[in-house]
Structures are given as C-alpha cells and as structure tokens.
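Given next, in structure tokens, is a single chain: the form predicted on its own.
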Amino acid sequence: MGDVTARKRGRPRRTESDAAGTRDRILVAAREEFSERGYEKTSVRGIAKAAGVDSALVHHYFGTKEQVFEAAVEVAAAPALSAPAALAEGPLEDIGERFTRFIFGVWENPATRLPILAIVRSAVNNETAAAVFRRLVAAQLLRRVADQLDLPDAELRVELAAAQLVGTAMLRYVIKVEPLASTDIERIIARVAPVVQGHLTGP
C-alpha cells in the first residue's frame, strides 16, 4: 500500500530499467510537445500528460521546463554533436569537406532531421530556448571543433563555418527555397565545402 501511495505522489520506480524507460518516455513526449507547440506553449504538465506520468516525475528527472528542453536538445542533436570525433579522423586540408558532408548527412537523414527541426523551431521563436540551444552547441560542438584547429581565431573560424552550414540547411530543409531545396546534395556539398574550408583554415 505504501509503495502504491509513493508512486501516486510522483516518485520514480524502484528498478533502474523502469526508471530509464520512464525517463526516455518523458524525453520523447517533450520533444514532440516542443515540436508541435513551441517552447512558450509547452508546459511540464503537458509533457507529463503526453508521457503518461505525473508531472512530479518530470520535475524529479529533469527539473524545470528549461532543463527538460535542454535534455531534449541534447538527445535530438546528439548525431550532430558527434562531429568533432568524426572530424578528428583526417588532415586539416580536407576538414571543410568532412565537416560539410557530416552536417548535411545528419540533415539528409529523416530519422535525425525531424528531431533537430523540432528543436530548431523552438530555438528560433524563443530566447530562453535559443540560449539553451546556443549553450549546448557552443560547448559540445563548436569549441570542440575549434580545439582541433591550431590556428589563430579558431573559435571565430568554426562559428563562421557553422553559420555557412546552418544558413544553407535552414534554406534547404526549413524554408525550402528552390532550387536549393531540390538540388542534389552532392552538388551542394561541392559548392559549400570549399567555403567552409576557407573559413576553417584560410588566411
């Protein structure tokens, strides 16, 4: 009886597998809620309802709405955030193409593109969401890539390269401007990669 009462109050389940399953379910629900409603209209209560749990569990595992969003961003952006490890395999002379190919590879795959789109839309429309997204991307992607460049202004170089890639991705996948949206991805990589290379290793 006491265990049932405790669960009704929103305490986590006792087994690690149940806890992990509940946490994952909350993250999936959070990502969907942020995608459909945006950051401002999404609430912890709404996330809890979509996940089929008490709102106290959402607070227990993640804390505030901002912290739930940050966790959802980290999961959604995980494929892109692994870029530094991929870029480390190869010479600086072609890091621009590797970076370009890697990022567009994430966007071209529907399984990874849709979660990122959901998060980006929230970040574009809300400053709190944008700050979370910016903090995560800066710490786990841009600075780690910059650490691989033994050049002056490494962080600025990486940010300019990222701006080139993000801008192109926004026009192609979010705004869907033609002919960019329907052009073969290899043609786009061939044109964008040298520009990215210039930002990263040029004078």
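Note that residue numbering begins at 1 and tracks the sequence as displayed. The shown structure was predicted, so the numbers you read here are calculated from the model rather than taken from an experiment.
There is another form of this protein, the form predicted together with another copy of the chain, and it is not shown here; the text below is about that form.
Enquirer: Thinking of another copy of the chain in the predicted bound form, which stretch from 62-70, 23-31, 172-180, 42-50 has heavy atoms inside 4.5 Å of it?
Expert: Every other range fails; the passing one is 172-180.
Enquirer: Indicate whether another copy of the chain has at least one heavy atom within 4.5 Å of a heavy atom of A123 in the predicted bound form.
Expert: A123: yes, in contact with another copy of the chain in the predicted bound form.
Enquirer: Test of understanding: in the predicted bound form, would D54 fall inside 4.5 Å of another copy of the chain by heavy atoms?
Expert: No, D54 sits far enough from another copy of the chain in the predicted bound form that none of its heavy atoms falls within 4.5 Å.
Enquirer: Give a yes or no for V106: in the predicted bound form, does one of its heavy atoms lie within 4.5 Å of a heavy atom belonging to another copy of the chain?
Expert: Answer no; every heavy atom of V106 is more than 4.5 Å from another copy of the chain in the predicted bound form.
Enquirer: Please tell me whether any heavy atom belonging to V75 falls inside 4.5 Å of a heavy atom of another copy of the chain, as the geometry stands in the predicted bound form.
Expert: Contact check for V75: no, nothing within 4.5 Å of another copy of the chain in the predicted bound form.
Enquirer: For another copy of the chain, considered in the predicted bound form: do all three of L141, R144 and L149 come within 4.5 Å of it, counting heavy atoms only?
Expert: Contact check failed for every one of L141, R144 and L149.
Enquirer: Can you name the residues of 135-163 that have a non-hydrogen atom within 4.5 angstroms of another copy of the chain in the predicted bound form?
Expert: A138, R143, D153, E155, L156, R157, E159, L160, A162, A163 sit within 4.5 Å of the partner.
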